[in-house]
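Only one chain is given next, in structure tokens, and it is the form predicted alone.
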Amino acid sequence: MYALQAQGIAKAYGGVRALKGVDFAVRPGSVHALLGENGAGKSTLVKIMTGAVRPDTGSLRLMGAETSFRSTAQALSKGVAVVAQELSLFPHLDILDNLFPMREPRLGPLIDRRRMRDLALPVLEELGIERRLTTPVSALTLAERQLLEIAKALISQPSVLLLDEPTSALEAGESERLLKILRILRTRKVGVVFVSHILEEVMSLCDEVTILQDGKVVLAQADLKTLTMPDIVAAMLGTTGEARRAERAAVPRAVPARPAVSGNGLKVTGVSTADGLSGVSFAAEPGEIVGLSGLAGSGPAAIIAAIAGLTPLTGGRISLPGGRDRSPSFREAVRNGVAFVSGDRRKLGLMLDKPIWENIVQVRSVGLARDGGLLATGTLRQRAARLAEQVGVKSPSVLLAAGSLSGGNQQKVVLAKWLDCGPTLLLLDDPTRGVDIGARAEINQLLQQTATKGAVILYLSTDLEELVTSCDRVLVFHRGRICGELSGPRLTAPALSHLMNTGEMTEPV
């Protein structure tokens, strides 16, 4: 009997089929890895198994009995707990209150805080959280908050625990504490589903593995004792060992030749930050597209935030194109020619309720006031329309709300907004996340054109194939440092995956 079983699960968002008849099952007392590249369908399956999303077709069985969940709260009440990538803590509340949201034990009409403490302290001790229970969550580090999120799930004593990237913000010692807890849960016959990009953890912790690719199962309930890390990477990428060797041997890459551009580039020297960077150094020349890759929390996002002035440096120096030192704030960085394109376009990139034209002219005309104090609406609309056409926004009018566009067209509007400023440094944080393949190709063509004009482009992406086809070279981060650089024939998706998981340059055949 399985602790939790999903059968024939299908889910579509608009025209995109996220899951295509997926079967998955975790045994009591087993730690089962759920793997796949970005966009393979892992998070959608986790959300369905925990009640956050309803499937279009398919069914769930809990300890052999058919079931369904209307919400994560109902799933939790039936013994299925989840620790998601996005933390769901309340910063203004203390540790104890965060451990029992909307489910505090009661003594008559009153909250039984003594019972809360009795339940919380053993779990917090096992996880190594040594803070006082009255400490506000706002005072905790990111790693402590992630451990607290895990503690919140464990307190419910679940029969099934789903962990979606649970160690992305944890240092090695903290991760070890979590792995120790998972081994304890195995002895208690809890079924654990473990979603992670860190293959070293998967190999050391898990019993079985299921791998998704493009919404389908390509490897089902395989015994990890029979697999090597290259086997797993090959299954995730959909390539056999022979295909991987052929790929390394040599296909010319699609990055077009660009003329050399003179001028000062970007120089990063010995940069360290409080969020994990340690002595990072590299340079990027004008007209160059440099990829950034690594597991979640390993450094790529942190170096982009540091360059953009979003986080302070604890050591080192950053020199921007043109020779200026790094700006102390994001607003000043933008004035100095820095543009930042986030993959979270709905939260950070667009005003969805505003017209397309207002979104495009927002930075140059409003934020930087480069068009003077008196803004001629007609002129701005015309310029926005020209830019929208140049970047390939498919819309009958720039008067329509940005929220009415498809994901790919929304991201083109974000790019148009920043290209309108003529940046000398373009920082890209997973800019094609959630964008269809056709729009991805158009966006990457725009980036090549921007590089040709002399901009330095740093390109962080979780899509390894995209880095291979778009970048001149890729810097790979591992535990807060650059562990290697790949370019030319050596720059392949398998080589990137191996390097970001192991921190070692040599890829096994």
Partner chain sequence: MTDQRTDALRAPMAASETWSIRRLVTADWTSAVLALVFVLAVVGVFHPNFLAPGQLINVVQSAVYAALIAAGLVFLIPQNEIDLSVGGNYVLTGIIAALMMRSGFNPMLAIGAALAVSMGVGLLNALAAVVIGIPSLIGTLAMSWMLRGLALALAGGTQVTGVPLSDPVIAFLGGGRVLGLPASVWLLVLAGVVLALVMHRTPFGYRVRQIGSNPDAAAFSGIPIRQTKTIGFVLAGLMAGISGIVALAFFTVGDPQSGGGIELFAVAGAVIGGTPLAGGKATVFGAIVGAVLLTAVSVGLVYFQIPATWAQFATGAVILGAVSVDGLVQRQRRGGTRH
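Residue numbers count along the first chain shown, from 1. On a predicted model such as this, the values are computed, not experimentally measured, just so you know.
Another form, the form predicted together with its partner chain, is not on view; read the next lines as being about it.
Asks: Answer for Glu104 alone: is it within 4.5 Å of its partner chain in the predicted complex, judged on heavy atom distances?
Replies: Taking the distances in the predicted complex, the answer for Glu104 is yes, it comes within 4.5 Å of its partner chain.
Asks: If we define contact as a non-hydrogen atom of the residue within 4.5 angstroms of the partner, is Asp97 a contact of its partner chain in the predicted complex?
Replies: Yes, Asp97 lies within 4.5 Å of its partner chain in the predicted complex.
Asks: Just checking whether Pro109 would be counted as a contact of its partner chain in the predicted complex - the rule being heavy atoms within 4.5 angstroms.
Replies: Yes, Pro109 is a contact residue.
Asks: If you check in the predicted complex, is Leu124 within 4.5 Å of its partner chain, heavy atoms only?
Replies: Within the cut-off, so yes.
Asks: Among 133-141, 189-197, 289-297, 224-232, mark the stretch whose residues have heavy atoms within 4.5 Å of its partner chain in the predicted complex.
Replies: Flagged stretch: 133-141.
Asks: Since exactly one of Ser281, Ser88, Ser404, Thr377 fits, which has a heavy atom within 4.5 Å of its partner chain in the predicted complex?
Replies: Spelling it out, the residue with a heavy atom inside the cut-off is Ser88.
Asks: Within 4.5 Å of its partner chain in the predicted complex, heavy atoms considered, which of Arg183, Lys354, Arg317, Arg117?
Replies: Looking at the other structure, the residue within range turns out to be Arg117.
Asks: Can you list, in sequence order, the residues from 62-83 that come within 4.5 Å of its partner chain in the predicted complex, counting heavy atoms only?
Replies: Stretch hits, in order: Thr72, Ala73, Val82.
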